[in-house]
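There is one chain below, alone, in structure tokens, taken in the form predicted alone.
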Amino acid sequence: MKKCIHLLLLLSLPLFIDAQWGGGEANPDLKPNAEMLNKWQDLKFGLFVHWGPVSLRGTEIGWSRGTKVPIEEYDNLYKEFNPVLFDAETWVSMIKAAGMKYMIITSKHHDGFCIWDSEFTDHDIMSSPFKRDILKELSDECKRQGVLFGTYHSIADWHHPHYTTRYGGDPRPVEESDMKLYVDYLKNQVKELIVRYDTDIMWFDGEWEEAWTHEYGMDLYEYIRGMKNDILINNRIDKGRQGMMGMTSSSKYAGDFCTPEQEIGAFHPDIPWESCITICTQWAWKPNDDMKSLKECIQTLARTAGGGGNLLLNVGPMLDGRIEQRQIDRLEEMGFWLETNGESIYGTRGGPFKPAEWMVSTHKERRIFVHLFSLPGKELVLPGLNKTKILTVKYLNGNDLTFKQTKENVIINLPEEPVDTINTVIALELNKEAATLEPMEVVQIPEGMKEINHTAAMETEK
């Protein structure tokens, strides 16, 4: 019940956002590369990867340093890290089979370990027994197979002596630490990622700590865009993120897109955003971790697209370099669904019908795609389409459906059973661009949902 209430609140959350951000108030003329941003929004579905020596313990990356794993032990795990079964071609082929179009991998998490061959530290992959540049192999393979390549790079670094925040009971004093020296180190590594690995997305994190300032964020944004104009940079480069919903509040702050975490973003098709969500419960690999069902994964993807965002679905590879077979199987199942229904996801934007608990909608060109997670009854009642004529209504890649259109509403006749028990997609062909329609509330409530919604309302009032 609490999950149901949370989703309802999330879908109705008001957001007051200036969509024209970029370099922040210090760089008002520095805007995101519109062509690249639009391309990324069209991709819709990407793979997030959290990986490092912590997979030897099966605990959470970064956060278990000093809490579940003693600091000295954690910081020396890299000396045992030897993922001999890692194969970049296998990983990227899996990404493509899942219907994913881009990937983001942890180049460095809060623990400071670098998964590439960095000139600026020995706390990296070349100091491990593996001695292969994982990032280079993945970057090259993504380009070979046509997958957009990006890197997660933590601003926080609890291992570096000059980063001025400590975590996990780290006993080292901070008096001799110099944040300016650390920022130089950060910039040097970011330059490596851009120049040597040609990363297309810089996905930052750790900006919430006191050590990082608004001024540092704007300066780093300007520095990066000076090296590569069409790179995309998330809003966690600066201090504008507001809680786990991850939305930038105004163009005062730097960043190109918003980053809701472990939540499906609220309906906001007019700004770029991406929900990052784990396929299990932990970001890094955990033995026997609970995994999301196929239903939850597909509906999460549809809800994200219906709200106007992208989905970055996370896996945590094992200590030997493989991704769990059950996670691969789940992703392949999503890819199979997308083979038939991908037109309703890729290249779309959210709406025009606002999300409800039982349905969402997406649109592209002259088509609206209605995603039904449960049938509302014998009829689907949608709001009227304001001087827009519906030419046909049909199941996506399937049979036509009969319908009646009036000024007030659209009534579509439905069968007794859904075509797809997870997500039945209905396509409406219009006589003009669907993007011209304003967002509309769907007032119909399926019979099975009325009791749930009534109870949720009562609990909210309490």
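Note that residue numbering follows the sequence shown and begins at 1. Fair warning: this is a prediction, and the values are worked out from it, not measured in the lab.
Form predicted together with alpha-D-glucopyranose: not shown, discussed below.
- Annotated contacts: 48, 110 and 152 all touch alpha-D-glucopyranose in the predicted complex [non-hydrogen atom within 4.5 angstroms].
- Put simply, of 337, 74, 203, 86 only one has a heavy atom within 4.5 Å of alpha-D-glucopyranose in the predicted complex, and it is 203.
- Here is the short version: of 222, 192, 261, 289, the single residue with a heavy atom within 4.5 Å of alpha-D-glucopyranose in the predicted complex is 261.
- Heavy atoms within 4.5 Å of alpha-D-glucopyranose in the predicted complex are found in one stretch of 296 to 304, 97 to 105, 322 to 330, 205 to 213, which is 205 to 213.
- Though the partner is left out of this view, residue 63 does reach within 4.5 Å of alpha-D-glucopyranose in the predicted complex, counting heavy atoms only.
- In the predicted complex, no heavy atom of residue 313 sits within 4.5 Å of alpha-D-glucopyranose.
- Under a 4.5 angstroms non-hydrogen atom cutoff, alpha-D-glucopyranose in the predicted complex has residue 283 among its neighbouring residues.
- The closest non-hydrogen atom of residue 363 lies beyond 4.5 Å of alpha-D-glucopyranose in the predicted complex.
- Of the residues in 209 to 237, only 236 comes within 4.5 Å of alpha-D-glucopyranose in the predicted complex through at least one heavy atom.
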